[in-house]
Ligand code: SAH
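Take a look at this one chain, the form predicted alone, written out in structure tokens.
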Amino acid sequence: MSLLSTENIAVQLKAPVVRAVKKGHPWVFDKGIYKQNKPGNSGDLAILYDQKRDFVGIGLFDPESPIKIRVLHRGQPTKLDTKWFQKKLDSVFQRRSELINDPQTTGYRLVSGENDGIPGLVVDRYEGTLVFKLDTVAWLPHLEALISVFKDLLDPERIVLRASRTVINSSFCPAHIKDGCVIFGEELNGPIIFRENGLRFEAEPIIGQKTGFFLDQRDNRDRVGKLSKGETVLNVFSYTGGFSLFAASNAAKSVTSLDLSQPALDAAQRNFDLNQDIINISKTPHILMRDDAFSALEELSKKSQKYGIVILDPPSFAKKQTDIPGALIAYGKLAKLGLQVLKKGGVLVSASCSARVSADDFFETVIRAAAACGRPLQVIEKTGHAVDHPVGFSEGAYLKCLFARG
């Protein structure tokens, strides 16, 4: 089966959409289509034209989504086949070559969907396991070909498929396709152990959040580690303890992991157990605290508890546009609570993964909240996306993190 060898649909786009596609936007919504020559099936190639019938690009068609077309190619007409896709992947992998060739890091994002010009498809790697995450049914007809290409390029032990609820519930989804199913190789029994900058972590590709681990904070975890020597560290919304482990590895005085989820805290402790051969980690007290973040910070403040580093890495507060005002209020409140338990001159690490909240608004909110409670911040660094999580279009920018002394 040749990748992308499907039926073609001729689609004429409205003028504003033509301009957006030419500038690199990866999506065509249903309202942006002026005319198409036939209804089309999942995974068909949509040949895009302007209203004068001049070629614009090529994309994958999704009849069930408001995003009708995911743009794969723009510019001059070309043939989209296996060779085209392999060449595309070569360029994507080349941008990550330093990471891919680092034996101390064996968990990272190989393909970042729209941001790598392969919309609707994310591929993460944990040691010898690849995880495909599909956000559109348009890739389902090409699944066997995708498996073949990645087997040829990377020779994985197995490939796990994660898919959105929309994909799994689609009439186009075959009955044997389930979220978390192994589509190549032997079944997976338990977590995968991989390395991040030399530290061992477990990932749960079958049942874990996202593809089994939050890979996007790798660089920020390393930054926290380098600031942690001799410090008491509080990791709020700690999840499976990534920031905590890096702090301990760099000889933190103590580390507290705070999360509402007991399974997450259990996983954090297992990650510490995996690294007991590292002397700094074995010597660093690791305190697990199960509680709501806002309530716990208030209680710690009442007890006059202070930390040298406070990390605030909450889940997304803005899942839709109308959530933005409330999200900014929550970020501000969280910053104030974090500063109440931060010792004078300590480091506040405040992150946001809400794509709808801009970096400028987020940083301004945290800095303003700090000033309002009499703890003006001295900014150390503002960070964004790691090399394996590039930003290919405006909506693809979601991660931002502030390192500051207060």
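Don't overthink the numbering: it's just position in the shown sequence, from 1. Just so it is clear, the structure is predicted and the values come from calculations on it, not from any experiment.
We do not show the form predicted together with this ligand, though everything after this point is about it.
Within this chain, Asp292 lines the site of this ligand in the predicted bound form, having a heavy atom no more than 4.5 Å away. Interface residue remark: Gly326 is not counted as part of the site for this ligand in the predicted bound form, having no heavy atom within 4.5 Å. For the chain shown alone, Ser112 is not a contact residue for this ligand in the predicted bound form, no non-hydrogen atom being within 4.5 angstroms. Asp259 belongs to the set of residues with a heavy atom inside 4.5 Å of this ligand in the predicted bound form. Of the residues given (Phe184, Phe272, Phe214, Phe194), Phe214 alone sits with a heavy atom within 4.5 Å of this ligand in the predicted bound form.
Of the listed positions (Phe237, Phe85, Tyr108, Phe132), a single one reaches within 4.5 angstroms of this ligand by any non-hydrogen atom in the predicted bound form, namely Phe237. Across the options 311 to 319, 272 to 280, 114 to 122, 172 to 180, residues that bring heavy atoms within 4.5 Å of this ligand in the predicted bound form belong to 311 to 319.
Contacts to this ligand in the predicted bound form (heavy atom within 4.5 Å) from stretch 186 to 209: Gln209 only.
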